[in-house]
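Take a look at this one chain, the form predicted alone, written out in structure tokens.
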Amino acid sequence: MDSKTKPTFSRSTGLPRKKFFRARAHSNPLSDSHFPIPISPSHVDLSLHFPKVSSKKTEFADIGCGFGGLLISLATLFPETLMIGMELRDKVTEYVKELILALRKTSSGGGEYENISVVRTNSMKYVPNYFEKGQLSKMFFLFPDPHFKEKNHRRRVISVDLLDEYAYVLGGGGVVYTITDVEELGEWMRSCLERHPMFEALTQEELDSDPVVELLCNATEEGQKVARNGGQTFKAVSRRIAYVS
């Protein structure tokens, strides 16, 4: 059935309609979910994600990518860079898959959006299964679940312990981008990055010259909602300190 005749797709744009893919705002990252996990990065079949691209490795990872707004924006900003979204919720992952496929078909230039993909996985457990040491140059953590209760802080996707894993898959000079509309979580993420010995904060001059920083607020559904409501956002952006031989 053609996408434009499916009820889950818009007849005018040919793109999937979010209302048919809605899910709970967040999932418990400590629960056991059932989906295939590669046993190592060498077992990741990139041809399933980027069928028209060969001899490249993924460089950007959008952790908890939601409905894929950031990926779509980054795809044209960095057309030669492979990037993947990692999302735990099955319906949301399916939406992003359908969106990417539809954009590939309907893009006017042809060949656009071939550099982005999505996978359903638990990034708090399986990041090292997907990426080799030093493989990534950017990781994004946009509007993660705040897990307000202190007993649930161990579920937060940014922690000093998890930053060990992120530092492992990031190359020297790689950047971690975080943003939230919850001030306490913003301070938590900033503090974790400041306390970790393998990260250093970007200067204001570096932030101002980075075209990605502007997307943190306006590329995602959550960021747009915050902007509409006149809310504040709290960013923390840090660089992976280069390896010392």
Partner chain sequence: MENRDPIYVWWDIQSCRLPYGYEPLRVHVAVKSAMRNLGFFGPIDYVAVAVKGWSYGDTLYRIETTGFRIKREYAWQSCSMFIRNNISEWMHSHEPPAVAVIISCDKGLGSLVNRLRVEGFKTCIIYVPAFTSDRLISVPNFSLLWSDVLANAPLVDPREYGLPLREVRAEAIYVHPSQKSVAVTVGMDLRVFDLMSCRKDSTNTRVIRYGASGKFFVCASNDGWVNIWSAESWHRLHTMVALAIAIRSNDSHVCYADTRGDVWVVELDGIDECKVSPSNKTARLLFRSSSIVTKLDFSPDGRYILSADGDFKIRVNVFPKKPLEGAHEIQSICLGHKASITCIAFVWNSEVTERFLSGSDDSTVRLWDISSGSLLHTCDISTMAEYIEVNESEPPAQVKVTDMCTIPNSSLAIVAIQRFPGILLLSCTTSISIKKVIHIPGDSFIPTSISLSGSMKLLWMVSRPSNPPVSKHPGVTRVKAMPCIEAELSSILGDDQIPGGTKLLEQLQGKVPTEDCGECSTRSHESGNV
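Only a predicted model underlies this, so the values are computations on that prediction, with no experimental measurement involved. Residue numbers count along the first chain shown, from 1.
Keep in mind the form predicted together with its partner chain is missing from the figure; the text below concerns it.
Residue contact check for Glu165: one or more of its heavy atoms lie within 4.5 Å of its partner chain in the predicted complex. For the chain shown alone, Val213 is not a contact residue for its partner chain in the predicted complex, no non-hydrogen atom being within 4.5 angstroms. At least one heavy atom of Val160 is located within 4.5 Å of its partner chain in the predicted complex. The closest non-hydrogen atom of Met124 lies within 4.5 Å of its partner chain in the predicted complex. Contact with its partner chain in the predicted complex, defined as a heavy atom within 4.5 Å, holds for exactly one of Val53, Met198, Cys217, Val44, namely Met198. This chain is drawn without its partner chain; in the predicted complex, the residue among Ser40, Ser209, Thr203, Ser191 with a heavy atom within 4.5 Å of it is Ser40. Residues placing heavy atoms within 4.5 Å of its partner chain in the predicted complex fall in a single listed stretch, namely 128-136, out of 70-78, 128-136, 98-106, 83-91.
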